[in-house]
Ligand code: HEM
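Shown next as structure tokens: one chain only, the form predicted on its own.
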């Protein structure tokens, strides 16, 4: 039976009462320090906690457990990545495939994101970025989410998949309905519509193949045989979820940061021609502004830190708990000179994001063009930002002036 976000699941007998925390991962109040800090501020005590919200699930609380559970395939499976559970109907390949089969599935999509492939896309990335900035520049203001974030990385993704730009916001709404809603019915309806769309596009590519990513996926093989239709669908679905959400959220956080930290904006302007310095800038921003908090399902009963997790239970691994670990000095501050910039913004281990190189390139190009083509931006004081803290952190509205 589906469980709504507002209802409370009964506490399982094996969960100690002191570990229960009324923590709703889809409704975290965001303060001045942003969504990532909101996650950390509300972190329950102890190494593990159990929330009765969204069907009931565990929360990994320590930086060590968040990092370790990402890589622990003996006790945790990626077969379920969404809370509440959605089942195998909406499987994503390769992110929801465990070893030993994961490696070959992942190897198939990696050629889409090699350094050479990213370099070839770089010209498109830069030209679209410049076009959007120059279009906005004379206005002296923008609503960044709709005017830029949902047009820049999403536009590159649509070109990569050879999908019409007119479908961009429709697909974005479907992904948002699946990833951001705690309502199983809305998740299911969004998934159904997306699968129908994907099936149409796969059919078109099989009938009339091209050089785009979907066409390439229709020609993938596994263990010496062609992909089944279900495997094609699951691979396209994986790219849809990643390409229509994560980088858009990241550039929103960067635009927000640059508008509220002019000294950081000046520093980056002074380093734009320094490749090494720009790599450090991107790395620190990725550490500070994590997007995705992954979930896992318990494979078999597992006792950790004196607490037993039962087979089939879900656990969320909040990336902010690792990235903003209190052992790092002033973890919530962006410090480009910071020595320890280690992060799990792209995940960790074998399931780390295959498109991370492209994401870094898009972020770097955004910083270069945004900071050289516009004067110092600032927030519109009459329209405060609307940021969201949930399994996929992001922005709903961000008004800027210059």
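Residue numbers count along the first chain shown, from 1. Here the structure is a predicted model, which is why all the values come from computation and not from measurement.
From this point on, the text means the form predicted together with this ligand, which you will not see here.
With this ligand left out of view, the stretch that reaches within 4.5 Å of it through heavy atoms in the predicted complex is, among 232-240, 180-188, 274-282, 218-226, 232-240.
Checked against this ligand in the predicted complex, the candidates 214, 291, 91, 268 yield a single residue with a heavy atom inside 4.5 Å, and that residue is 291.
Residue-level contacts in the predicted complex: of 359, 38, 66, 367, one residue has a heavy atom within 4.5 Å of this ligand, and it is 359. Interface membership of residue 34, defined by any non-hydrogen atom within 4.5 Å of this ligand in the predicted complex, is ruled out. In the predicted complex, this ligand lies within 4.5 Å of some heavy atom of residue 354. By the criterion of a heavy atom within 4.5 Å, residue 113 is counted among the residues contacting this ligand in the predicted complex. Interface residue remark: residue 287 is not counted as part of the site for this ligand in the predicted complex, having no heavy atom within 4.5 Å. Contact check at 4.5 Å (heavy atoms) against this ligand in the predicted complex: all three of 81, 157 and 247 pass. No residues of 209-223 lie near this ligand in the predicted complex, the criterion being any heavy atom within 4.5 Å.
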